[in-house]
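Just the one chain here, the form predicted on its own, laid out as structure tokens.
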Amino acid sequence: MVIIKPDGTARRRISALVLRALLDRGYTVSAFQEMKVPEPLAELHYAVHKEKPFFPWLVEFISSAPVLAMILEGQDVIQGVRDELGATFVQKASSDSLRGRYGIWAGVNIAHASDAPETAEKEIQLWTTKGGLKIEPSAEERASAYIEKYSKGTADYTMQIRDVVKRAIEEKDTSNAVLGLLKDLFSRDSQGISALDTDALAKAVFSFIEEEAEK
């Protein structure tokens, strides 16, 4: 089970590049769907973290704007996807990994991927029964069409967004100006995603900044 999170999907070209990098490893796409994650589904997905202080933020973040939910199949697919993505925390990810290239900061990290066969089984069960994700023959074609549609051009606002977040945390700047910058940057390559959704994503990232600035 792989989910390109809102910070990836809202940057259309980046999500297409991430998807292409994963599929270039030769995996089969058995389910592929762009969707808004309802809060009840988000809460179930992150249930293992329910007692942790950052649980509400996880729910806010993943339900803020559309995600790309998919099921990939192949030899050693779980470890292969995780190797391609890199370390969970962006600052610890190598520069040649997907999170190192395109992640924003800490857990604002482009994608979720199942970490073990047992986890994958549970997550696939959850997302197919509660999230409406469907295993169907057209999934591969739709994933390829997504890559073809959005991978062109040069749009990449990763460094600008990363710099805004990093500077705001370091300077403990939680002003409206920071939120405004995030809204602008997340809207620049978000074809087909509403301003309400990109604004909600910006607010979720801003909430993360506020939490980090208090430490």
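Note that residue numbering follows the sequence shown and begins at 1. Everything quoted here is computed from the prediction, not taken from an experiment.
The discussion below concerns the form predicted in complex with a small molecule, not included here.
Contact annotation: of the candidates 49, 36, 166, 149, the single residue with a non-hydrogen atom within 4.5 angstroms of the small molecule in the predicted bound form is 49.
Under a 4.5 angstroms non-hydrogen atom cutoff, the small molecule in the predicted bound form has residue 112 among its neighbouring residues. The shortest heavy atom separation between residue 79 and the small molecule in the predicted bound form exceeds 4.5 Å.
The small molecule is not drawn, but in the predicted bound form it has no heavy atom within 4.5 Å of residue 41. Interface membership of residue 57, defined by any non-hydrogen atom within 4.5 Å of the small molecule in the predicted bound form, is confirmed. Picking from 124-132, 67-75, 139-147, 102-110 the stretch near the small molecule in the predicted bound form, with a 4.5 Å limit on heavy atoms, gives 102-110.
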